[in-house]
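Only one chain comes next, encoded as structure tokens, the form predicted alone.
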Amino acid sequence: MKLTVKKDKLQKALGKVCNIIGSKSTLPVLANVLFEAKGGILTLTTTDLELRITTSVEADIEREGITTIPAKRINSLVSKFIDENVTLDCNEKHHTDIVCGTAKFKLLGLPSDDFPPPVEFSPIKQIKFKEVDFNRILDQISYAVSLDDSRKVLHGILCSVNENTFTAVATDGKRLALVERAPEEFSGQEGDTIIPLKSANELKRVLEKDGEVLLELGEKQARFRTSRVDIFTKLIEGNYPNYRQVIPAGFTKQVEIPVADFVSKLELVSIALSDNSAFIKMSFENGKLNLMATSVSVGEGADYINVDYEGEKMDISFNPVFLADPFRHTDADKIIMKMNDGFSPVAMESGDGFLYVIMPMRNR
């Protein structure tokens, strides 16, 4: 294999595939990138056996071939190269000479035969979104996934299609984040799929502002395809909990919260909190939302924002991180907070299909 490729294109391609490379793999070849040069295209692939990422770039190929090159070494080299073009020349021993300007290196690779082959895959449903829209969906809910819960199904994001409505759900048992949208296109069987958080995060990382992403979902595997990247992943098997039953049927109070002001004041007041058993107390009273934090080891802090609230005073306390998350991951200017009392589940909506349900902490 011998080829020349633009340094910037190679660096961008390596950035797409190298993130899943771990340091504790039992198979040495999993620390490498599979390079395949054929028909004017250089294809790069990495895998950790759960996840497989492939991307391609144009290249001037003098001699077609296939090899594997240590991922972290080639990634570090290319990121520090200065000149415009990179030449890769691999011999039959899978030793690759790498030249960029005056810089010359040799990296020792492994045979491509050692690299795990792709798995045969038959999707049972296909869902298409604009990349920017699906990126938004993942950003709005992925923070609510917990990897600490013993229930494996909660380690992923539920993707459900029913009557041409796509629903994505994440929960850690203490709060629930949900988005409902109509996809650009849908075909195949309706039903549920649980995508591992790691796979969702990798997809989110490579999605861009233009283009479309195709979700091909099977029984045990899924493939996400854009014009630049293919991501193949195993799915989480099992039945996701009935998330609908934790959403209250109705509310007696609702308040419109300005997002920017709320986040600013919440972060300010939270400085007075210690790490242990931290909570923020919110008091709604006479057109104001008061935010209060108290800590035995740090001190206390308070501030308020003006809101449209009338009626009897209501106090309600939350984990400050859980409270802040939906506000930090929305494009909306305002979020509607719906409540019944200081002890029942609270819902937050931003008017774009997003819903967040959180349990208050005990008032103190």
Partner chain sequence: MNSIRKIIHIDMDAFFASVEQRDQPEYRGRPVIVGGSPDSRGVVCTASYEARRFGVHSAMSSAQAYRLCPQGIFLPPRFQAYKQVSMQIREIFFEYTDLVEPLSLDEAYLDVTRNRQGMPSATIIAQEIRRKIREETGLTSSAGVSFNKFLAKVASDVNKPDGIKVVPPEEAEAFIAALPIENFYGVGKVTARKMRQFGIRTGADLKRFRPEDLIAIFGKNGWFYYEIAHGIDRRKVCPVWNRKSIGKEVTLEHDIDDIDDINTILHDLAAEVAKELQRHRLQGKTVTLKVKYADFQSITRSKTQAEDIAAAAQIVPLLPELLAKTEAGSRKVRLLGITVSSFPAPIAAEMVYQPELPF
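All figures in this text were calculated on a predicted structure; none of them were measured in a lab. Positions refer to the first chain, counted from 1.
Although it is not shown, the form predicted in complex with the partner chain is what the next lines describe.
Of the stretches 183-191, 258-266, 213-221, 144-152, only 144-152 has residues with a heavy atom within 4.5 Å of the partner chain in the predicted complex. Taken together, the three residues L27, F121 and R225 all stay farther than 4.5 Å from the partner chain in the predicted complex, as judged by their closest heavy atom. Among L176, I231, L207, I195, the residue placing a heavy atom within 4.5 Å of the partner chain in the predicted complex is L176.
Interface residue among N239, Q245, T252, N164, judged by heavy atoms within 4.5 Å of the partner chain in the predicted complex: Q245. In the predicted complex, at least one heavy atom of M361 sits within 4.5 Å of the partner chain. Although the partner is absent here, S199 sits far enough away that none of its heavy atoms falls within 4.5 Å of the partner chain in the predicted complex. Interface membership of F322, defined by any non-hydrogen atom within 4.5 Å of the partner chain in the predicted complex, is confirmed. When the partner chain is considered in the predicted complex, P345 lines it closely, a heavy atom lying within 4.5 Å.
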